[in-house]
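Taking the form predicted alone, here's one chain by itself in structure tokens.
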Amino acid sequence: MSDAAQYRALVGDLLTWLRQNETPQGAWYWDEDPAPVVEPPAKEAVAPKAPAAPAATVSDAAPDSPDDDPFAAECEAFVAAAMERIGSHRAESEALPGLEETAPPADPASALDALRQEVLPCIACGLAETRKNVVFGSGSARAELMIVGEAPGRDEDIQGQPFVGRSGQLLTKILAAIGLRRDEVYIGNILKCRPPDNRDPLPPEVLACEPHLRRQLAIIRPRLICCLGRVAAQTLLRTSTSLTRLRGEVHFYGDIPVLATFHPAYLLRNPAAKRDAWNDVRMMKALMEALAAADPGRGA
């Protein structure tokens, strides 16, 4: 990387930190780091703060212009290419291939609750013998974004809710940084029961559990799916492609666009990856806005 490119990247990081530091929503970018490579500037060394900004959004958290934010042009190009690919894919595909091809329910919340009651006693695989709770999922039945992880962990297994441990707290902060609350999205996993020792899901377990996820998607009808981590992305997309190559591209589950980024647990262990994760979620928010503008009635 040239000296000029390194300087632009450093300035971009600094401006991002300064803007996010204005609000609690932006704290995810720097906090929780056990040993950050670069310490953020001390508060007393920063110029007096402007009046508190509203909740951070993609545009709030980024510098004001493409000249100040080298990533802005990349994000715009990504959205344009993604929208073109989504249009082509849907023109060539049947409606929701592989998902339940039924009319959207009149009351998605009731339909989702009925499915929950059906899934809670599930004994379709061996994980029923070791779990404490089925972790069905949580969030809005009319969510435009569905977030999919690989499987519940220890805290989730105990509480019966997805992403409630340290990684869940970080996920909440990441969503807030792009102007989303947890109750506005829907959060679930490939598997609804915890694998012993948090091992990767086994093919028979995925085969037994995926129909529940498909039925959730058929009820919620999100505009976009975001896979968190390698296992979730590879499993949902049925690919062995690395997460590095899956990131930054639009993929499909049926006719629903899918993006992939790092799992929050990975970011807690590798805080240097937060910069790339921040770019991923900015692209995700920009694509959601483009999808909403192209089809305002979808998901309403």
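Quick caveat, the model's predicted, so the values are computed rather than measured. Quick note: we count residues from 1 along the sequence shown, nothing fancier.
In what follows, reference is made to the form predicted in complex with a small molecule, a form of this protein that is not presented.
Exactly one of the stretches 75-83, 105-113, 153-161, 214-222 approaches the small molecule in the predicted complex with heavy atoms within 4.5 Å, and it is 153-161. Proximity of residue 274 to the small molecule in the predicted complex: non-hydrogen atoms within 4.5 Å are absent; the residue sits far from the partner. Although the partner is absent here, residue 149 lies within 4.5 Å of the small molecule in the predicted complex, judged by heavy atoms.
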